[in-house]
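Have a look below at one chain only, the form predicted on its own, in structure tokens format.
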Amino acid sequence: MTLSFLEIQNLRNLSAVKIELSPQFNLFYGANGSGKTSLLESIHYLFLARSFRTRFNKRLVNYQSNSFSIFGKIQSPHLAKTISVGLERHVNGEVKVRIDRTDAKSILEITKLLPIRLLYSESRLLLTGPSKLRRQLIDWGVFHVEHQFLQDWQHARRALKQRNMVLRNKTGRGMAKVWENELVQYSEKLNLLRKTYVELFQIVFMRVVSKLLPDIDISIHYKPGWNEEIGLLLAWEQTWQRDLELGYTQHGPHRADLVIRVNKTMAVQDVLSQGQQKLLVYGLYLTQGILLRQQTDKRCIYLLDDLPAEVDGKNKKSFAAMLPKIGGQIFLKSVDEAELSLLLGNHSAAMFHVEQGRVTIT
């Protein structure tokens, strides 16, 4: 599936935008502040109901309006018709999500239709930031493949929340064990799903990273969040007093991580340049798109915010050469139209000029 049409009203400086999109490459160019990033932001918001630029939704609404709306059409090669999706948000917090003119119960109904990955300036935090970011990387892949994952994740989260409440309220070991029995059940399910995904991920990733960083030995290793040799129940028993002092659970699926190393021992931030780190992160995300296509035949949407930054010419071309191979739909923005054209070479693309919130195809 791909996003074939996009309509935006009153999101930041995009007061009225209607554009037909290419199923492969869509390139936005124009001066800084013209609205290029807002276009990427609107696609991101349509499928995830959140911005990657701010947590304050009111800031997305055009100052002359009290709401913004985003409408899209999803085209599938396997379906004779298109699927329409829409989202409207008011400054008072009211949100409406619709699929084919029917109210949706949750944004997840849209999220499942088209997987989306964002590559932007903050993406490098995937390597240097908290384990939560790398855990989300794994869970994104599992979510789009295993239908049971979300329910298992929600059950585990609920049981963990209850155990932490017992710890904070100091209501006793017996009460904690009630929730531990449920938590261990879903923790083991999540662990198996995550471990299986990472095993497949590693195979594809090694091929991808060998193209992007051919002279560097990159390895990835999955950590479940507890010592599997002793098991979760014994781990909780051994750390009960410390958990009680801290007021939270130290071991469990909420501590899972993807450890990424150079030469198997060195942290990437201690060895790789910023440009190399950016390529490594891009390689991780490209791997997900390739693996998703292999597992489900779904196509991933990629939103690339200023690809050329911090990456030298040779590596830019190496990365650009991989884009057609992932089979995804690409949205890329830059101030330089010529550089975008050079990166893509002979591959066809829809080119859009953005100027003061107006978008025209060129």
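Values in this document were obtained by computation on a predicted structure and should not be read as measured data. One-based numbering along the sequence shown.
Omitted here: the form predicted together with a small molecule. The next part is about that form.
None of the heavy atoms of residue 296 is located within 4.5 Å of the small molecule in the model of the complex. At the 4.5 Å threshold, heavy atoms of residue 35 reach the small molecule in the model of the complex. In the model of the complex, the small molecule sits within 4.5 Å of a heavy atom belonging to residue 60. A residue is said to contact a partner when one of its heavy atoms sits within 4.5 Å of a partner heavy atom; residue 335 meets this definition for the small molecule in the model of the complex. Note on the interface: of 26 to 34, 318 to 326, 42 to 50, 296 to 304, the segment with non-hydrogen atoms within 4.5 angstroms of the small molecule in the model of the complex is 26 to 34.
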